[in-house]
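One chain follows as structure tokens, the form predicted on its own.
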């Protein structure tokens, strides 16, 4: 299968939901609690007795993702703490053998498929319980055992749960943060590992966190585009970036407008937005997250054509530093010769775009189909749209659909001072 064939559904989707859930959820202090507080593994393992997600939790996660308008989901099958949410022959520290004694990954993949969502699995390469990760020269047997265990568990995940659409590695960095990629690749035997994954799951998409580039770049907490033709996915929390897993007291929630803007700015440069939720200790999704997901889904129901399968758009927007964007009005996405002006900060009765390098043929409010009058100056590329309502039709982001006579480009300014005269 070619790269383009593998990535087709991913580009069409543009939006997914990340789910961080594990023993760390019980602590209420985030997924790094074991390491950041240096909790001994034996002491930390006692949390497994309290791990009892309610029946149907996985179904609730997938229903929440569908409510949000997401097309795929990604679950943490095992985070750095080492607790596997699946039945593994290579570990006794699993949800199938302790606590609830259930295979949560099985429940999740079944729920995702029932909801019509593509299935993604997150897997941490590192496991804090192995001293050979921290000091591989001092504990070579532990290091070898860790890598063998990783390969065996990834094989289980790729073999036991049907078709897996996306594999998101994490934790592949060296403990000393050595930036040498070849060292990282050698440590995890990453080429061997990913060859095995592709043999078992020929159509799978793999991210770039095993040391190898593979299919997908995954910047965290920032919308940062990769080069043209390269898949990328901005992974972001709804709340503070310090905690992906459940954080009991997390006052800095992003509002729906911020979340929708991030989605649009990712789509503008052919990227995806993977938005994280951190279920509570019992596996339920808290109301603060559900409310925001619901608002995103409501917006996407009306405006999804501006996001799904979007193509790169050169027209001036707030995501391009140094470019003029009158009134900081928002970002442009594109489908062929149709541009979608996603206006974040409503300008009032008239909106103006500059340096538009294609002739507009028609302008409409996307939500209603109402045609709008406009003027276009072919010499300087200035597009002025009038007849807009004084107040924003959508409180978060109103979209104008603009049909052009060609793919819209940024118009060059041969004489940058001409507009002064």
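Every value quoted in this text rests on a predicted model; they were computed, and no experiment measured them. Residue numbers count along the first chain shown, from 1.
Heads up, the form predicted together with a small molecule isn't pictured, but that's what we're talking about next.
- Item | Position in contact with the small molecule when the complex is considered in the predicted bound form, options 346, 340, 122, 232, heavy atoms within 4.5 Å | Of the candidates 346, 340, 122, 232, 122 is the one lying within 4.5 Å of the small molecule in the predicted bound form.
- May I ask you to choose, among 334, 209, 118, 102, the residue with a heavy atom within 4.5 Å of the small molecule in the predicted bound form? Looking at the other structure, the residue within range turns out to be 209.
- Message: Taking the small molecule in the predicted bound form, would 79, 170 and 220 all count as contacting it (heavy atom within 4.5 Å)?
- Response: Judged in the predicted bound form, 79, 170 and 220 all sit within 4.5 Å of the small molecule.
- Do residue 32 and the small molecule share at least one heavy atom pair within 4.5 Å in the predicted bound form? Yes, residue 32 lies within 4.5 Å of the small molecule in the predicted bound form.
- Message: Even though the partner isn't displayed, in the predicted bound form is residue 18 close enough to the small molecule, meaning a heavy atom within 4.5 Å?
- Response: Although the small molecule is absent here, residue 18 would touch it in the predicted bound form, with heavy atoms inside 4.5 Å.
- Distance check, residue 244 to the small molecule in the predicted bound form, heavy atom within 4.5 Å: Yes, contact at 4.5 Å.
- Query: What stretch, of 369-377, 62-70, 24-32, 41-49, brings heavy atoms to within 4.5 Å of the small molecule in the predicted bound form?
  - Reply: The contacting stretch here is 24-32.
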